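One chain comes next, on its own, written as structure tokens: the form predicted on its own.
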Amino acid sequence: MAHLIEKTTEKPTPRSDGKPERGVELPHRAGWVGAVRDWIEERTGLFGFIKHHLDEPMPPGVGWWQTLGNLLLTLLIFQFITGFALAMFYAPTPDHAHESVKHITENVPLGAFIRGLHHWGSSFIMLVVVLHILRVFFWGAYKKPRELTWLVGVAIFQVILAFAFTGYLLIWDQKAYWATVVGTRFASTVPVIGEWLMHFLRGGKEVGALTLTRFYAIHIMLLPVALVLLTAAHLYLVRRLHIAGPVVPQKGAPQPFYPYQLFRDAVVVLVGMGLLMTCALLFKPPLYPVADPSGTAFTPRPEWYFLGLYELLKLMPPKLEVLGTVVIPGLVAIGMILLPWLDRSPSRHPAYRKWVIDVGLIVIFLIGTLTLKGILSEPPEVIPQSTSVSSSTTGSR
């Protein structure tokens, strides 16, 4: 057993560029546990990989705001787990979707809790991803050399929005059905390809069985693959380029990720997950009556994170609805994509990025105001039967 307690004397194999590999030498351990650990380490480098990242130096001044990324990753993992659990009992057909969700909520052990985690988890994810984006924006952490990291993050945000939109219909209740009717009708306002795009999303002229099937397939197959690939790319870029420090460099030596930043991450994750579980336990996720395409007494009303767009459309006259459905959201998305190149200031400090910060604050204020207006306003009493987007979203107030 002497060979098990000797420290390895092998040196890392040099890379092609002459620099040593970023491996970590670990001492051999005695006993059968140590033997198994050494066997795994020799073949995978897992423990050295973990130790290397735990020892990663953090710039002075890195603190609680840098914990949002790990909280978001944890929430996404929980969303995958709860989504898989729900899919075990879910039937993606108009005849059985609503009943299967009701069965999960009322009869499956812990079903209401799991569904609550998934339901409230989407709101937690949306809140955390927005805070994370705002932190990166105000800290100027999208600047060189982190432009690609920002672009991948913007793509992740779009995928999360698509998750929220496609998952909304799967309950197949009145609220989900009519909100999807209005949401897919937005696509018809896209110039040239609008009608084709709406029919593609719906699988026909109306929201029905094919719409549910397509949204389910996108929600559980296409979007998860996209999110996993984008998240892996994002984490790789973050680790390769490291976390951007404060906008004003602080004095002091870098501190390793463990134990200082890991402690902050653990606290925030525990608090966040504790709040999520509390919401899942105390607030049962809603389930409205089964979808009725012939009904006229239900109001299409999206979740809070889409209320800003919903209220914007209500302000648009019918002839200008394309501004609310395509032009304004498109400009915001293009602005986010081009932000690292639009912001030409060499400094990350907000004082030297005045016009960028001002534009960002205006956009944030408008979205926040419209969202708050939607939360506080009373919904219309009936669903208008007009075929235009604007008439479908205004209604009587």
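Don't overthink the numbering: it's just position in the shown sequence, from 1. Note that this is a predicted model, so its numbers are computed, not measured.
Same protein, other form: the form predicted together with a small molecule, not shown, and the subject of what follows.
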Heavy atom within 4.5 Å of the small molecule in the predicted bound form - residue from 168, 150, 139, 257:
168
Heavy atom within 4.5 Å of the small molecule in the predicted bound form - the one residue of 73, 238, 326, 160 that qualifies
160
Stretch from 84-92, 189-197, 275-283, 240-248 whose residues place a heavy atom within 4.5 Å of the small molecule in the predicted bound form
84-92
Answer yes if any heavy atom of residue 220 is within 4.5 Å of a heavy atom of the small molecule in the predicted bound form; otherwise answer no.
yes
Looking at the partner-bound form in the predicted bound form, is residue 305 within 4.5 Å of the small molecule by any heavy atom?
yes
4.5 Å heavy atom contact, residue 309 and the small molecule in the predicted bound form
no
Since only the chain is shown here, I'm wondering whether residue 216 would be in contact with the small molecule in the predicted bound form (any heavy atom pair within 4.5 Å).
yes
